[in-house]
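In the block that follows, a single chain appears as structure tokens, in the form predicted on its own.
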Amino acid sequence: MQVDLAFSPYELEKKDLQDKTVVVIDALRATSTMIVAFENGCSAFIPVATVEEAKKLAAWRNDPQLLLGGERRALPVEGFQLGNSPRDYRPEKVKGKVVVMTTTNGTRALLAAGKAKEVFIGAFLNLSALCRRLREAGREVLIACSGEKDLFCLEDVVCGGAIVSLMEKDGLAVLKSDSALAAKILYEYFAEDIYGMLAACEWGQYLERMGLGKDVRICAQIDSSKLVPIYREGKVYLDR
């Protein structure tokens, strides 16, 4: 199996996605938050690029089952019912609901991945389940890191490296690009303390300063979920 990795949405937008399986990762926090939300009964997410687009879609749909969620600089958007913290997405708030979401990086990466054959949502929370789905799909894999405003983010690349490493440990022959190999090497360096890596990385430190350090611990929970959401036709949902 061939595995490539894009460090940012800008790089992803330059890739040929035809007939490939893309894994979108925003470990701190968008894809982790989505997985937690689905564990708590959320029905779906509709990712959009801007705050204005989210508000217009919600106004047009005028549906009480539709919620607005997202962040800018880690803080909830004014007027939105939900932010981008996994702790926001409690069962009593999201069960049966559809969330229109816009985040600084994660939703952009999802939108950029839309031309792929299949798009999975990945994080540390669903690593093993995700790798099983990738083996079953049997396609060339492109790991899409959300990054931070088109720049390298350690946490997303390490998570991508964990995917590469786990597939190889399961006996799969993986033909890695240079970026996928670099991600694997980084993961193996940090593998014994993923929480420590998340807490020490630039975005983890920022979340701590903003009083959101508890989110980092949630996002570090390896294999806490067996769910692998998919992104298809403009919506993220569970393909049961």
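Start at 1 and count along the sequence shown; that's the residue number. The shown structure was predicted, so the numbers you read here are calculated from the model rather than taken from an experiment.
The form predicted together with a small molecule exists for this protein as well; it is not shown, and the discussion that follows is about that form.
* Asked: Is there a heavy atom of R29 no more than 4.5 Å from a heavy atom of the small molecule in the model of the complex?
  -> Yes - in the model of the complex, heavy atoms of R29 and the small molecule come within 4.5 Å of each other.
* Hey, in the model of the complex, is L207 touching the small molecule, heavy atoms inside 4.5 Å? -> The answer is yes: L207 has a heavy atom within 4.5 Å of the small molecule.
* Contact test in the model of the complex: G160 vs the small molecule, heavy atoms, 4.5 Å -> No.
* Even though the small molecule is not shown here, does G122 get within 4.5 Å of it in the model of the complex, heavy atoms only? -> The answer is no: G122 has no heavy atom within 4.5 Å of the small molecule.
* **Answer option from V98, A74, M167, L111, heavy atom within 4.5 Å of the small molecule in the model of the complex** => If I apply the 4.5 Å criterion carefully, the residue I get is A74.
* **One stretch from 90-98, 103-111, 122-130, 136-144 that, in the model of the complex, holds residues within 4.5 Å of the small molecule by heavy atom** => Going by heavy atoms within 4.5 Å, the stretch is 103-111.
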